[in-house]
Every structure is written in structure tokens, then in C-alpha cells.
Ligand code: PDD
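First, one chain by itself: the form predicted on its own, in C-alpha cells.
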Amino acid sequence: MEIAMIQDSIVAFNELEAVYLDRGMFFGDGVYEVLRSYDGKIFALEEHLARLSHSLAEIGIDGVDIDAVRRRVEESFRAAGIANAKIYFHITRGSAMRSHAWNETLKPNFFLTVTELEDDSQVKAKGISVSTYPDLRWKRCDIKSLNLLPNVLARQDAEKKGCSEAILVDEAGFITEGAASAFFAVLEKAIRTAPLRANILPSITRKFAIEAARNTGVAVVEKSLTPQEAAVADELFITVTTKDIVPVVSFDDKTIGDGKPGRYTKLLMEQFRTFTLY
């Protein structure tokens, strides 16, 4: 008899719930998105859905109705009734017997959560510390894949060092991005960040941060930088969906500027807020 064991319980294989055979669990075979709301309004939903479509197409998950995904997101958000919410969802290729190759008839699985965001005003007022970590990820980070083990290991390393985020450094010695964020520096009155390539996620919050800079007349230079350059930058900050722009005041134990959120970072934070009021 074919069986499975769940914790200490033996179950006949043909009685297993489909969730235990999800290819997302076996292989990380799926993609995800994280959105947030501000004061009862979902932010940048269409941008996130466009990125989702890209991710799905790049790994060949077909048959996903984006309009249905939009409906599920909006319906779940209304049902939760949380003004400032984190909305996470993922889509996997489906459930089947474990095999690297997949059957084209698989039906994708959808899972979503809506949870409340904590007040991050104190974090933004004080700034955070970050530390560097080798970028061990695969070469297609433009796909928002469920394969996040390298990110997990990097973030745990940062936690052990008392830091809030890990900043990833590739084999050539350049910063790519954070384990769960985009990374920016202020150098010579210009915003500097790595250019978008296949090794970097096209972050939605990154896009709006760059727009905020340009709206305020601040130059943006999309050019890779090294940890050595970051350590002596005038200002540093990260961008992440759940917190938008977050000042960085310590980089690998080196104080940035005067150890407080900088002028340009504060300016961009104020400008970013205007995007969330529509």
C-alpha cells in the first residue's frame, strides 16, 4: 500500500489532501506577490498584477485569469476589514505526484492571506541597521519565485547580527538588492541604485521611489555600487512594499551620515506618501 506520513500519522496515499502534493511545497514551483493598503485603499494593485503576469509567463504557468485574481484580492481585502493590511498571495503550478517534469493539464493552486501591518513610524523615525551577505540566488530574480531559501538564510544572518535587513553582494562585488527590499544610496546629491536586470526583482516600491525622486528634482543614477561605496554614502535607504521607504543608519556596523535619517530620504518619504492618498 502506498502511504504518506504527516507528523506521526500514517495516511493512505490516495487519501492525502491535495495541499500535501502541491508543487510549490516540493519544488517552490510557483510565484507570489505582496501588496499593502493605506487607510483602506490597496496600493498599486495593477502594477503588482502586471508583475504577476510576467512571473507566470516566464515559468510557464498557464490558465490563470488575472481578472479573477484581482477579484479575489479585492474581495478578501473587503472581507478582512483591515485599513492598513498586508496582502500576500501565491500561485503554484498545481498538485500532483512528485516529479520534476509536470503534466500540462495541472490546475494552478491559489492561496492568499490578509494580515494587519504594525505601526512602523518609530522604525522610520530612527532608521535601521543592515549587513551584507553573499548573493546566492538563482539568475532569474526578475521572476518573483517561491524559491527564497537564499533570501531566508541572508535575512537570518542579519537577524543574528542585530540587523533588520541583509544587503546582497554578488560575485563581482556589487550590491544587487536586499533580501526582501530594494537598496538605495545618496551620493553627491543623487540617488544611486542598481539597474534592473535579470538578477534584480523589478520592485514596485522601487519604481515609485524613483518617481518620487524625479518629482522632487533629485537626480537618479541607476548604476551598481559596492559595499565600500555604500559604507561612505551620505544616506542609505531601502524600499519594501510593507513599509515603503525606510532609512538605513548603519551599514555593516558603520554609521551612515550622522546616524539619523537623512534629508533626501525624508524628502522622498514625504513625496511617496502623496502616491498613497489617491
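Numbers follow the displayed sequence, beginning with 1. Fair warning: this is a prediction, and the values are worked out from it, not measured in the lab.
What comes next is about the form predicted in complex with the named molecule, which is not displayed.
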Proximity to the named molecule in the model of the complex (heavy atom, within 4.5 Å), stretch among 245 to 253, 26 to 34, 64 to 72, 229 to 237: 26 to 34
Close approach of residue 127 to the named molecule in the model of the complex, 4.5 Å, heavy atom: no
4.5 Å heavy atom contact, residue 144 to the named molecule in the model of the complex: yes
Non-hydrogen atom contact residue 185 with the named molecule in the model of the complex at 4.5 angstroms: no
The named molecule contact at residue 180 in the model of the complex, heavy atom, 4.5 Å: yes
Selected contact from 85, 167, 204, 191, since only one has a non-hydrogen atom within 4.5 angstroms of the named molecule in the model of the complex: 204
